[in-house]
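Listed next as structure tokens is one chain, alone, in the form predicted on its own.
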């Protein structure tokens, strides 16, 4: 496969995702409103009980929930939606590489969600003025990028898995969304000394890329001087991103070969 073809496929799929997110006003409102309202609720709760320093956790959580919601509801379910619309069979017979389609979906999701996340962050900062203690801006950028890479790699793997389960994927989304949000510590630390969970639950939560990413982002933003721990988290995120990406491509390859052989993935499920 020529690099030029791969890049064109990736760019084409990315632009479709970006325009689709900005083409529906209701999606724009929900992408901004739901994370913002939840973030403000937690920030008000922290302020009311005298934990002013924790309001920054709530604002950071609102930013990351914007991306996490995109991973769970848009990225993970995309191939299943494409199958229902009859588009996935076009992917199968076209020369477009599936890896480029997956990467394009992820980049489009990140770029399309970024404005909502920025608005949530600005609103939360202006309202609550949380105190930051950033030890290193490059470390913050690297941690943020690796966190997005790992959670969107998880979205790629779920997209490949959901393709095989049809509408059951939507039910699974509804079941896992809130428990994962709680375990990953989006609005409060779920691992470490500040976690309310027992050690066994913390170990389980650490298997979720978002948990590791949130822990690293909090350390960089609010607890300067913990560089060795941040470096370990960044390495863990990198390993998770690579493993999940390879798994997603492998699962998709198996399903692609099965679909071409049996025709099972081109049938619309009602």
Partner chain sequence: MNFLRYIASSMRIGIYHDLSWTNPMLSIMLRAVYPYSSIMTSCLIFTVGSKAASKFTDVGLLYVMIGAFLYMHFASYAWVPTLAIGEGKNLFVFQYIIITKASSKFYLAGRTFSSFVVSILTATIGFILSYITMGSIVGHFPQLSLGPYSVVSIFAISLLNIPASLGLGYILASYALYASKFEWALPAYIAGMIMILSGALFPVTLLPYPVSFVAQYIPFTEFIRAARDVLLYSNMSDFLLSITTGFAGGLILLLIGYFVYEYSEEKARKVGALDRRLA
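Here the structure is a predicted model, which is why all the values come from computation and not from measurement. Residue numbers count along the first chain shown, from 1.
Although it is not shown, the form predicted in complex with its partner chain is what the next lines describe.
Quick one: find which of 151-159, 194-202, 89-97, 105-113 has residues within 4.5 Å of its partner chain in the predicted complex by heavy atom distance.
Selected stretch: 194-202.
- Query: Hey, with its partner chain in the predicted complex, do 26, 32 and 182 all fall inside the 4.5 Å heavy atom range?
  - Reply: Spot residues vs its partner chain: full contact, yes.
Discussion item. Does any part of residue 126 reach within 4.5 Å of its partner chain in the predicted complex? Heavy atoms only, please.
Written reply: Flag for residue 126 set to no.
Practice prompt. Report whether the minimum heavy atom distance between residue 48 and its partner chain in the predicted complex is within 4.5 Å.
Written response: Answer yes; at least one heavy atom of residue 48 falls within 4.5 Å of its partner chain in the predicted complex.
(message) Although the partner isn't part of this model, could you tell me whether residue 41 comes within 4.5 Å of its partner chain in the predicted complex, counting any heavy atom of the residue?
(response) Yes.
Can you check whether residue 188 is within 4.5 Å of its partner chain in the predicted complex, heavy atom basis? Judged by the heavy-atom cut-off of 4.5 Å, residue 188 is in contact with its partner chain in the predicted complex.
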